[in-house]
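Okay, so here's just one chain, in structure tokens, the form predicted alone.
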């Protein structure tokens, strides 16, 4: 996967956190996803189609998700539920939308967000590497998973 396709998602994630949560995420070293696969408590997933196919996911431990959404909406969110799922989906949607603008040459379409709340592992496109980009910030750790195949 071309790093030029990953950088817009990283930049969009950092901008989203700065603008919406007043938090400055620090990017860790990207890695290719290999076994043992990381498990997450909640993930917001956006499908991508057009000149590239795949997905972008923002993945959280529960405490990080609760802190992030609480900061975003300005009131404490203390448990998993509809409000948490909606907000995590919206964050994923915003990140994908910002990145789409910077990847105009791919003519991407983005799906509606899907959110998974449970102890889970994500799977990307078969035969396409998934890149995991870890982040840390004052709201807790989280990760972005990108699996993208260009046409």
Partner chain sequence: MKVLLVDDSVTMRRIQKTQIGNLGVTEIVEAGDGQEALGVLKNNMPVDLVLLDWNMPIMDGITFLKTVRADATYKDVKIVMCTSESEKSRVVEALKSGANNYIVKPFTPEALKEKLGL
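Positions refer to the first chain, counted from 1. A quick note: this is a predicted structure, and the numbers were derived from the prediction, not measured.
Just so you know, the form predicted in complex with the partner chain exists too; it's not on screen, but the next bit is about it.
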item	value
Joint contact, 41, 56 and 131 to the partner chain in the predicted complex, by non-hydrogen atom at 4.5 Å	no
Partner-proximal stretch of 56-64, 103-111, 122-130, 28-36 relative to the partner chain in the predicted complex, 4.5 angstroms, heavy atom	103-111
Exercise: residue 80 in contact with the partner chain in the predicted complex, heavy atom 4.5 Å	no
Residue 23 within 4.5 Å of the partner chain in the predicted complex, heavy atoms	no
Contact of residue 51 with the partner chain in the predicted complex (heavy atom, 4.5 Å)	no
4.5 Å heavy atom contact, residue 139 to the partner chain in the predicted complex	no
Residues from 71-88 in contact with the partner chain (non-hydrogen atom within 4.5 Å) in the predicted complex	72, 73, 75, 77, 83, 86, 87
